[in-house]
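Next comes just one chain, in structure tokens: the form predicted alone.
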């Protein structure tokens, strides 16, 4: 993608999102497309921000956390503050995800145990049935 402007349809196709999603992010002031009458035109900045929004959502960040990280881009410090805050939030999010993974691993192991127990019970029922003649 270059510096060219993209329509809402092109953005939807490029990022596999709906027009409603783009309008929602616009209403939350996360992206700011140019307007040509009723037409929305998205530039390089909007594409970069949308990419970061989608990545942030994938990692489980709230829209408010994503907004905070994006807003730090405009500080006049060469993005140092943005990178520091983003790394801080990312470390916190990673810790949460790792705890969730451990909890999920425990639940999976427990469920496997329950399935094995149930299968043994079913095998006992099958042993008690008279053989078909």
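Worth saying up front: this structure is predicted, and the values here are computed from it rather than measured. Residue numbers count along the first chain shown, from 1.
Missing here is the form predicted in complex with the DNA; even so, the following discussion is about that form.
Enquirer: According to a 4.5 angstroms non-hydrogen atom cut-off, is residue 57 in contact with the DNA in the model of the complex?
Expert: Yes, residue 57 lies within 4.5 Å of the DNA in the model of the complex.
Enquirer: Please tell me whether any heavy atom belonging to residue 24 falls inside 4.5 Å of a heavy atom of the DNA, as the geometry stands in the model of the complex.
Expert: Residue-level check for residue 24: yes, a contact with the DNA.
Enquirer: Using a 4.5 Å heavy atom cut-off, state whether residue 62 contacts the DNA in the model of the complex.
Expert: Taking the distances in the model of the complex, the answer for residue 62 is yes, it comes within 4.5 Å of the DNA.
Enquirer: So in the model of the complex, does any heavy atom of residue 47 sit within 4.5 Å of the DNA?
Expert: Answer no; every heavy atom of residue 47 is more than 4.5 Å from the DNA in the model of the complex.
Enquirer: Looking at the DNA in the model of the complex, which residues in 29-55 have at least one heavy atom within 4.5 Å of it?
Expert: Result: 35, 38, 39, 40.
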